[in-house]
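Below sits a lone chain in structure tokens, taken as the form predicted alone.
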């Protein structure tokens, strides 16, 4: 049975407008930084998404900024009430993710909105798309900030949808990093490039919100199947013009072509999800464009990476945490939940666990850092099952009062990191090296009960009948909240 969801970006925008989570901007905005500055300010203020109706130099195009940059919008994208709390969104996500895989449905090109305009050969000019200059200081115009790239393994049927940034180079060329530990990076660097075979790709700009969420998720399933599971019915896909790849039929813009092996072009710098400009200008992977297909009057989605919170930080944190939740439960670890604070730019994970045996926090750190998710974060806080992992105040209190400054912190100096870590030394960025640290905020299980400090809080140090009396008379005391 299908869940409530939005088949395309246009229906999603209407939902955001109805709840007050989007604002129509009729004023002309310049693609050269003005549009990006508006989106950045919206992210930092956690405001409504700007729906730009008038982009300078690009009549006929519209744009949506900050499409899923806060939890209200994520709840709406999932078909939930905007006020749904984070644990409620997580529970619904996990429920859908636990269902059986659903294969996508292939539809005819005549039925696919993304084929309303088909541009091939010289007509496929990416400079005719309203790629924004997102930040001052970027190395160029980034056409792809809220999108995903479709690629297929050379030797197996496996298909990956993943977000890899892409910068305009000329009318037919894009360039961007493809990290070797990413799914597409493993395909390209380990299979296509060594055999000097161009890898077909399709960049999907402004997909429906659930397809975008799935493309951020570290699922082991093909993302087209995972999108269908989140929808509760098959996502509709259509065959590309120049390859045997399939793309969401209701997306706004599709760019097709090949990833060129053994050719590199300089790309960046770029303001990234860490909130810093850490990517130096270096030679990176080249995409050669063969075709553009799109809807009439297409809507370009624009994310603006920077200090928290943008959708990259929010969705990556959300899905990474839930994948670790699944991983730890599969290992039999008695966790109560996993949460990754989006404000940490998905560098900090908080795990709640029943402290059943000694050094369980160390074991949790070894599992999560040793997984394929490990390169994306380097800090793990383990708290007990009575601490609310979604409450920053409680987590900070636990960290500062239960974590022994010498016995409770385990540092692993040699781990896999990313080139974007702002704290990393140049050599660590170049080779993707990074340390890991576990903060054990559990009282040792061998301590007798009489030795464990008693937490002094409203919920813990008052009899139940006193708590209930105070709560029931709260408004009578004169308090409004």
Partner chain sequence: MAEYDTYINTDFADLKEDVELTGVIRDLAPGRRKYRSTYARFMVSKTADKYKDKLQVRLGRGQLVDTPCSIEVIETFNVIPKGL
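Not measured: the values here are computed from a predicted model. Positions refer to the first chain, counted from 1.
Keep in mind the form predicted in complex with its partner chain is missing from the figure; the text below concerns it.
In short, of 213 to 221, 316 to 324, 230 to 238, 121 to 129 it is 121 to 129 that has heavy atoms within 4.5 Å of its partner chain in the predicted complex. Contact check for residue 278: a heavy atom falls within 4.5 Å of its partner chain in the predicted complex. Under a 4.5 angstroms non-hydrogen atom cutoff, its partner chain in the predicted complex has residue 141 among its neighbouring residues. Of the heavy atoms in residue 246, none are within 4.5 Å of its partner chain in the predicted complex. None of the heavy atoms of residue 404 is located within 4.5 Å of its partner chain in the predicted complex.
Exactly one listed residue, out of 53, 455, 41, 429, brings a non-hydrogen atom to within 4.5 Å of its partner chain in the predicted complex: 429.
Comment: its partner chain is not present in this chain, but in the predicted complex one of 360, 291, 260, 399 has a heavy atom within 4.5 Å of it, namely 260. Every residue of the trio 32, 59 and 169 has some heavy atom no more than 4.5 Å from its partner chain in the predicted complex.
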